[in-house]
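Okay, here we've got a single chain as structure tokens, the form predicted alone, with questions on binding and movement later.
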Amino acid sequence: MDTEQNPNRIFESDRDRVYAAETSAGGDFRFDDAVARVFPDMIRRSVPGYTTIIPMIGVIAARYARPATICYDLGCSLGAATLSMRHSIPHPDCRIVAVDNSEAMIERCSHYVALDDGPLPVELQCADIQSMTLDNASVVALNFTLQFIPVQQRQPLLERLRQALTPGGALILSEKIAFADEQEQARQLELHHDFKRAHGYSDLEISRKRSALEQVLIPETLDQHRKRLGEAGFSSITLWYQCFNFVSLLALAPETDPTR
């Protein structure tokens, strides 16, 4: 992929200074125009391992995608996971459906998709993933998306995704997690903040963003995620990546599906 077409390429004008300005104090975090404009820089400097997770989503999708099926990127933001899958999936009759409920994100995502030369068709939808129709899916990516869904609505969503997956289909679930042990929680949080400082964020920016996300991004423990996925009917749940308090799981639908 040419760097001019890469949603992760950062120009100086697109550096994340959202929480550096006095006007950023107060209010919940929103995926608005200001965030969409600087999102590649924001997530690269905020999520340890993001630049590893994105290409590995392509690797995983290449293994589990099946001919004539749909691969979903739910909560696609600017389409980094979408493009990773697009350049990795070997089946020309697959298509990718990328969904986000932020018009600002979808608008910018459409620009990157249009410039990209990947062979698979990509359909963009500005929609609520909790109410949209899902079917004939061999791969679903929930890349740092579930954490923004209200906790009580997460189980029904995962159950719907499990039903939409073909036998042996894959869910890639990336999340910021919490820890049951208070000391470990404090240690992992400190390391995450150290990561942000190492990438140029000030303590003021870190504090403001944490306050903005407090009621919007609700992390859960790894055990809670595993339990929920098991209850949703996934037969295999593998932790394939962790860096500090950020993880990615691979959950597989049973090879034989008695409901089909």
Ligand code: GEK
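If you're wondering where the values come from, they're calculated on a predicted model, not measured in any experiment. Note that residue numbering follows the sequence shown and begins at 1.
A second form of this protein, the form predicted together with the named molecule, is not displayed here; the remarks below concern that form.
Novice: Counting only non-hydrogen atoms and a 4.5 Å threshold, tell me whether Ile172, Trp240 and Thr256 all contact the named molecule in the predicted complex.
Specialist: No.
Novice: Taking the named molecule as it sits in the predicted complex, is Tyr50 in contact with it (heavy atom to heavy atom, 4.5 Å or less)?
Specialist: Heavy-atom contact with the named molecule at 4.5 Å: present for Tyr50.
Novice: At 4.5 Å between heavy atoms, is Phe195 in contact with the named molecule in the predicted complex?
Specialist: The answer is no: Phe195 has no heavy atom within 4.5 Å of the named molecule.
Novice: With heavy atoms only and a cut-off of 4.5 Å, decide whether Gln147 touches the named molecule in the predicted complex.
Specialist: Because a heavy atom of Gln147 falls inside 4.5 Å of the named molecule in the predicted complex, the answer is yes.
Novice: Report yes if any heavy atom of Asp117 sits within 4.5 Å of a heavy atom of the named molecule in the predicted complex; otherwise report no.
Specialist: The answer is no: Asp117 has no heavy atom within 4.5 Å of the named molecule.
Novice: If contact means any heavy atom within 4.5 Å, which of 93 to 101, 183 to 191, 107 to 115, 159 to 167 contacts the named molecule in the predicted complex?
Specialist: Contact criterion met by 93 to 101 only.
Novice: Can you pick out, from Tyr201, Phe234, Phe39, Tyr64, the residue that has a heavy atom within 4.5 Å of the named molecule in the predicted complex?
Specialist: Spelling it out, the residue with a heavy atom inside the cut-off is Phe39.
Novice: Counting only non-hydrogen atoms and a 4.5 Å cut-off, give the residues of 79 to 94 close to the named molecule in the predicted complex.
Specialist: In sequence order, Ala80, Ala81 come within 4.5 Å of the partner.
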